[in-house]
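Only one chain is shown below, in structure tokens, and it's the form predicted on its own.
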């Protein structure tokens, strides 16, 4: 019976190319034959399903963040705790909203990718993970009202289809002020908005805004002879929220999201030091299947430029150009 079920499924896949009706018939037949798996269980083996009650593998996420994200002890700690707590809560009062801040190349996009992959198996390619890029999706300042309407409709439709949808907004510092406030009702403490509950969704904002504030505090710690690992969230989060709120180029300028305390965490990404750049080079070598050559690691790291001019502590591009520079060695 199980062999026949498998045969039916493979035949449906080959002939119909995963056409839903054909697969549905095959799955129903297979379910009847086996009695082991439900229609949903079998269907989800061949098509992506929104598994709203799927628990987060916190250990796997922790290991991935620790092994792949360099120099960001605060981001690793806060993201892990925030996601674990949110996913373990069967009845959250609002969606989880994270705002990631720091200079380019410090790991914000990389972290959003890791988070997406740990929440939905297909990651950024998932039907339930949605990436918005400000300069691509919202380029024209004179069309703000149109963008607001489109954004509301898109988010409402996708959360209706999958309550645990993930929405990532990249380049928030280039987003025209006011656009993001269109989603304020979805992030608030409402049980439902127009018959839809948004409480299990996750919103992630990525922004270079606040990078100067983060660097100043990190530099103050360094000049005082204190370790960067001594920097705590309380040293940066209040400064970030106020700074971003008052920054006309943050995308959150005078935003109701901040005014109403709807952003759960402002997460700082610290500027990367020379040693962190070397970690990035080694990681890229491993990803390419190459043996670690410390001479090449050093040469690539030394080709990067660092600031401030007097101390030259932090890479001005983080690890952003490591891949392209490694191509020359």
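Numbering follows the first chain given and starts at 1. Keep in mind that this is a model prediction, so the values were computed, not measured.
Form predicted in complex with a small molecule: not shown, discussed below.
Of the candidates 147, 103, 128, 198, 103 is the one whose heavy atoms come within 4.5 Å of the small molecule in the model of the complex; the others do not. Comment: the small molecule is not present in this chain, but in the model of the complex one of 68, 62, 282, 299 has a heavy atom within 4.5 Å of it, namely 68.
Shown alone here, residue 208 lies within 4.5 Å of the small molecule in the model of the complex, counting heavy atoms only. For the chain shown alone, residue 267 is not a contact residue for the small molecule in the model of the complex, no non-hydrogen atom being within 4.5 angstroms. Contact between residue 110 and the small molecule in the model of the complex is found at the 4.5 Å heavy atom cutoff. Proximity of residue 72 to the small molecule in the model of the complex: non-hydrogen atoms within 4.5 Å are present. Note on the interface: of 54 to 62, 286 to 294, 41 to 49, 272 to 280, the segment with non-hydrogen atoms within 4.5 angstroms of the small molecule in the model of the complex is 272 to 280.
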